[in-house]
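In structure tokens, the next block holds one chain alone, the form predicted on its own.
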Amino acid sequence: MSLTNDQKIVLFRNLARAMALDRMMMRVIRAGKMVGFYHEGGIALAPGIAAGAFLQKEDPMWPHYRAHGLAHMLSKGIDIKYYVAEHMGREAGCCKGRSSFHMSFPEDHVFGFSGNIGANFPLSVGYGFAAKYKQSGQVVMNCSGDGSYGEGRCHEALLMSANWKLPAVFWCEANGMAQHSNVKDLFPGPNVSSLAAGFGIPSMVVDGQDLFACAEAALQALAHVRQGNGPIFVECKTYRVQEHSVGGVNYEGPNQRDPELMAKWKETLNPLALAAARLLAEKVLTQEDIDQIKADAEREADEVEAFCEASPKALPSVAEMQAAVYTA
């Protein structure tokens, strides 16, 4: 499905924003201003922008944890400064600074994260079943990495979604690594999406560094699901050039990943640069336009950081913390 020039500009602007915010988050955690942890997005944020770009507000989405879902959520229209404040343990945070990355934006149908890989799959089946049962017209966007498909619940979710023809998009952001393991050592084929065929689910594979290819795939996948055809699987081939999480080591098994190769990928596979080159070639934007979009993104990231710094640190009393804990 073809994109309009206006859609391409919005996608490009949101990718610039996400990458600027990702760099800001790296500054924040290195300065010791983050209360939890962070998984850098780097050059792997284009699939997340595409995943959220064409969803309705009421469509449930489970973001991928890379960059903690910043790209997914801002492209869905969520005001991201409250999520950053949550990471910094501030009262302005979406959960009043109590949760680090375990956010919740229920009004936007983004209901949280889990540190348990694959936990989103059964929940997404639940969202999909509810949508079909209520005939609400909602579509579930279930985002995950390729490493999560070693979890049994992922296969159960594919089976149940196919059997019940649930309105779900299984959006795999395949960066080839599962923490310190190469997916080649964990999966017997070149494409994780080949799993879908075993459940009768159609699938497609796209270049995850190509922002517009990812967006076209998202449009096609959402159209398929909204027409009542059941689930679809989209695999976006992307790259992780940095360590799994900030402060860790960039290892593959017992060995350090080739730093020269990582540097080459970072330089030649930058999705923002690739998208900019295409927009220039197609005369959709000028270099001046592109420079302005990048500058606006950097300014927004600085403003978000300043907003968070201005918010009081979350220092809840014992009573306040207990008020949010429930027991049977």
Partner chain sequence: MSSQRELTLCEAIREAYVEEMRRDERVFMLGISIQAGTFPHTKNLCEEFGTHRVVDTPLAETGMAGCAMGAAQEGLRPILDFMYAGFSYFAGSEVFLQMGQYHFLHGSQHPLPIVMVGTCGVGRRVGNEHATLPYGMAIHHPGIKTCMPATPYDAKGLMKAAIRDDNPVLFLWHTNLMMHKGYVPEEDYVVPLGVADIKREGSDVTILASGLQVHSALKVAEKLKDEISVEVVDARSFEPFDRESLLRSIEKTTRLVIVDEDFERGGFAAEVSAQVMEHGYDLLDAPVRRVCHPNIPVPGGYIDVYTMPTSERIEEAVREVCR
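Residue numbers count along the first chain shown, from 1. Every value quoted in this text rests on a predicted model; they were computed, and no experiment measured them.
Heads up, the form predicted in complex with the partner chain isn't pictured, but that's what we're talking about next.
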Contact at F113, A130 and E156 by the partner chain in the predicted bound form, all three, heavy atom at most 4.5 Å: yes
V125, heavy atom within 4.5 angstroms of the partner chain in the predicted bound form: yes
Distance check, G189 to the partner chain in the predicted bound form, heavy atom within 4.5 Å: no
Contact label in the predicted bound form: G228 to the partner chain, heavy atom within 4.5 Å: no
Heavy atom of V205 within 4.5 Å of the partner chain in the predicted bound form: no
Segment assignment from 205-213, 218-226, 117-125, 189-197: heavy atom within 4.5 Å of the partner chain in the predicted bound form: 117-125
Single option in R257, K237, R98, K81 placed near the partner chain in the predicted bound form, where near means a heavy atom within 4.5 Å: R98
